[in-house]
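Just the one chain here, the form predicted alone, laid out as structure tokens.
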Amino acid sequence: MELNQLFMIAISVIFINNFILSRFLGLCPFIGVSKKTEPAFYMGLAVTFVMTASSVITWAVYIYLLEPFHIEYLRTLSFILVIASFVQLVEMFIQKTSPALYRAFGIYLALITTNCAVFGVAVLNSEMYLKTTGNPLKGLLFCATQGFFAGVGFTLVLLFMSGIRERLELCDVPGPMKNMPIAFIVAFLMSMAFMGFSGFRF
């Protein structure tokens, strides 16, 4: 039964409730880093790592700190601190190992700290799996699964967008539609396409 639940979580956050195209979270790096495929791929990996690690740590913070002391109202503050710490770790690692990639990310790497998709995963985990499962370890498994596959969905959409935008550079796009306007139109069409995974509801 748990395998079915994990599979449903994975399919849901990758396709049906994709954080970019369905929940409209994380649009800043989605538009800013999706000009080229390589930076988009590495940004997706960085966001996936931060989402997964943050899901695990925020689970521990909620279960062992916030809930026992009845200070759940500090959830937002504590989750932001966890996310900011992991972003700084990723930023320092990339700066040391690949300065060229660090320069390619530019400001968007630091913006993972305020990426609402990363924070959204932590908040959704606390609302969906920390209060309803009754089993803390089961909640941890669900939280980590949702965090990882939300990052996979984020990366997948970034790669789709970067591939389309690279191809558009070879096309004769009218002047007023170049860069941001055509990017938003492509994002709209991708969002409409992903609606097909959940069906149309009127």
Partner chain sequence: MKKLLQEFSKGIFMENPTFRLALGLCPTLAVSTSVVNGLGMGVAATFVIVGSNVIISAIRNFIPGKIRIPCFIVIIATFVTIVELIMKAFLPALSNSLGIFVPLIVVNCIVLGRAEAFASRHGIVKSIFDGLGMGVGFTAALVIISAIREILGNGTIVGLMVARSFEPALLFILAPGALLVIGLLMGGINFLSEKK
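Keep in mind that this is a model prediction, so the values were computed, not measured. Numbering follows the first chain given and starts at 1.
The discussion below concerns the form predicted together with its partner chain, not included here.
With the partner omitted here, the residue from 177, 56, 156, 168 that has a non-hydrogen atom within 4.5 angstroms of its partner chain in the predicted bound form is 177. Its partner chain in the predicted bound form comes within 4.5 Å of no heavy atom belonging to residue 130.
Within 4.5 Å of any heavy atom of its partner chain in the predicted bound form lies no heavy atom of residue 87. Its partner chain is not shown here, but in the predicted bound form it comes within 4.5 Å of a heavy atom of residue 119. None of the heavy atoms of residue 104 is located within 4.5 Å of its partner chain in the predicted bound form. Residues 73, 75, 76, 77, 80, 81 of 71-86 are found to place at least one heavy atom within 4.5 Å of its partner chain in the predicted bound form.
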